[in-house]
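Single chain ahead, written as structure tokens, the form predicted alone.
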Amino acid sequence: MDPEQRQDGRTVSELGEFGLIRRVTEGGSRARNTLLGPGDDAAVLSAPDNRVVATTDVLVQDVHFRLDWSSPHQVGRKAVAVNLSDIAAMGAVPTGLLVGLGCAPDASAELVDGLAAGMWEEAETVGIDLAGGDMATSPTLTISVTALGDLQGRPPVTRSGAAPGDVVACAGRLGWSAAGLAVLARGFRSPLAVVGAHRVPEPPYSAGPEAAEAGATSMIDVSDGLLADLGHIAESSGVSVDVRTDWLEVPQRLSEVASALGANPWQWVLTGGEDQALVATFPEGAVPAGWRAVGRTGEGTGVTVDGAEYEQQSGWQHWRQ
């Protein structure tokens, strides 16, 4: 049911736990991977590969999102997107979602309706559903999403397989979410292109399995910033990574926004997080269509930009910002 059609003014405490669960779980049709959905102690999903890829992300109000900047629907889509991008980064395809929600007793039912509608919408873009979850009372609105995936017979693409001489390549947008955050932080709500990128990321879901098929040696999604996340690959693989700015580009829209705000757009591109792009390493000549080369790996350790250490902070770190 469209959440706009059931604005009855009730709170979640008035609905009760099971009434609220019904409103969330009736949001869409069941995917073929879901053999048994909500209503029992646990869901049952098929696992054609006999292995299950699993990941969890937690989004906390005023840490990961603000409801004065984003609608509940947008927050719901983002909560799912940041998890599905992790599945893609392993070279897998999504198969299902489990959702945990904590909110205050006086939270409106419409708030939860909006969150659920956004989650269903994002899940349906990859043909999956909300297979189950849990709800609890919490003074802070908290969303925990567990995404499951299928490797389709391929080995997982980890962070530890890069070798010296690999090409570093990226799929998806870089810097757009950071630009949108900068705009919102200044009290503006436009341009919508960058603000929208912060509210709802657009991960290149299909690019992950495509990279795995092409022989990617390592992969990660860009959640904390290109340099920061490449640092994880460098450390896990025991290689160095050099990002080439002449292989990257600053989109015109980001340049315009940076000029208006007195900011450096390269900072957004190199260190901005939450675009949920994918970055991977490939043997020479193996970079698939839809991916663009942004650097190379080498002997040694660490991440450099144009051969030199980057002097600014490389990306987001919890408890340090």
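Remember, predicted model here, so these are calculated numbers, not experimental data. The first residue of the shown sequence is 1; numbering continues from there.
If you look for the form predicted in complex with a further copy of the same chain, you will not find it shown, but the lines that follow are about it.
Asks: Indicate whether Ala42 is a 4.5 Å heavy atom neighbour of a further copy of the same chain in the predicted complex.
Replies: Ala42 belongs to the contact set for a further copy of the same chain.
Asks: Since only the chain is shown here, I'm wondering whether Arg51 would be in contact with a further copy of the same chain in the predicted complex (any heavy atom pair within 4.5 Å).
Replies: Within the cut-off, so yes.
Asks: Considering non-hydrogen atoms and a 4.5 Å limit, does a further copy of the same chain approach Gly231 in the predicted complex?
Replies: Flag for Gly231 set to no.
Asks: Does Ser108 reach a further copy of the same chain in the predicted complex, with heavy atoms at most 4.5 Å apart?
Replies: Heavy-atom contact with a further copy of the same chain at 4.5 Å: absent for Ser108.
Asks: Name the stretch: of 218 to 226, 187 to 195, 69 to 77, 241 to 249, exactly one has residues whose heavy atoms fall within 4.5 Å of a further copy of the same chain in the predicted complex.
Replies: The contacting stretch is 218 to 226.
Asks: a further copy of the same chain isn't shown here, but in the predicted complex which of Gly100, Pro204, Gly114, Pro209 has a heavy atom within 4.5 Å of it?
Replies: The option sitting close enough to the partner is Gly100.
Asks: Could you check which residue among Val60, Ala286, Leu261, Ala293 gets a heavy atom within 4.5 Å of a further copy of the same chain in the predicted complex?
Replies: Checked against the cut-off, the match is Val60.
Asks: Can you name the residues of 119 to 138 that have a non-hydrogen atom within 4.5 angstroms of a further copy of the same chain in the predicted complex?
Replies: Heavy-atom contacts to a further copy of the same chain in the predicted complex: Gly133, Asp134, Ala136, Thr137, Ser138.
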